[in-house]
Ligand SMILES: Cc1cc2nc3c(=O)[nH]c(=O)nc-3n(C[C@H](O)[C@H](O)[C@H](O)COP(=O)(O)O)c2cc1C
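Before any questions on how it binds or moves, here is one chain, the form predicted alone, in structure tokens.
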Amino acid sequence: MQDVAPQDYRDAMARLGAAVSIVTTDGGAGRAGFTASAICSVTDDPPTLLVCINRGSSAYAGVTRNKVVCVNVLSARHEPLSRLFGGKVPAEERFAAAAWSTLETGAPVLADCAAAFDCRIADIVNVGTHDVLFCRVVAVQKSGCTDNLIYFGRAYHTVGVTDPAEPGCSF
């Protein structure tokens, strides 16, 4: 069997659109967060999703030691925040750029995100350069926003309806 070259793989993955989220944590290991597009549902009984995190990420130690995360699903207006959390900016500056609250676990919840999945990490599987976190959802929060920020073709795009009149959806 012939190996697929990493660049060929990345180029093909650029053709797979993905929702953009900011994954956050807080606890004894400190507050941290990162932008992610490698998130998906595993099962609804019990409610579980998976999150992929690069072990080289500045958020890695905090996430794996705190053992809690909140997946904050982004809307179109969050593109600048997504770029901030995806860059080399210190955690304090990242969190200072938006309003946050908490649900069950204490992980930061973005005040006006489309949806938030507050989770406890149930299992971690090591694959290549990343860990796959299996996260048990313990609380959810939804806003009135009906649009999502996606990443496709190495660029941000919006899907859904962007309506500033939606309750709980500020611009």
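Nothing here was measured: the structure is a model prediction, and the numbers come from that model. Don't overthink the numbering: it's just position in the shown sequence, from 1.
FYI, the form predicted in complex with this ligand isn't displayed, but the following is about it.
Trainee: Quick check on this chain: which one of 61, 111, 52, 138 has a heavy atom within 4.5 Å of this ligand in the predicted bound form?
Mentor: It is 52 that has a heavy atom within 4.5 Å of the partner.
Trainee: Indicate whether residue 130 is a 4.5 Å heavy atom neighbour of this ligand in the predicted bound form.
Mentor: Although this ligand is absent here, residue 130 would touch it in the predicted bound form, with heavy atoms inside 4.5 Å.
Trainee: Any of the heavy atoms of residue 56 lying within 4.5 Å of this ligand in the predicted bound form?
Mentor: Because a heavy atom of residue 56 falls inside 4.5 Å of this ligand in the predicted bound form, the answer is yes.
Trainee: How about residue 143 - does it come within 4.5 Å of this ligand in the predicted bound form, if we only consider non-hydrogen atoms?
Mentor: Because no heavy atom of residue 143 falls inside 4.5 Å of this ligand in the predicted bound form, the answer is no.
Trainee: Do residue 36 and this ligand come within 4.5 Å of each other in the predicted bound form, heavy atoms counted?
Mentor: Contact with this ligand, yes.
Trainee: Pick the stretch from 113-121, 36-44, 63-71, 98-106 whose residues have a heavy atom within 4.5 Å of this ligand in the predicted bound form.
Mentor: Among the listed stretches, the partner-contacting one is 36-44.
Trainee: So which bits of 61-89 sit within 4.5 Å of this ligand in the predicted bound form, heavy atoms only?
Mentor: Sequence-ordered list: 85, 86, 87, 88.
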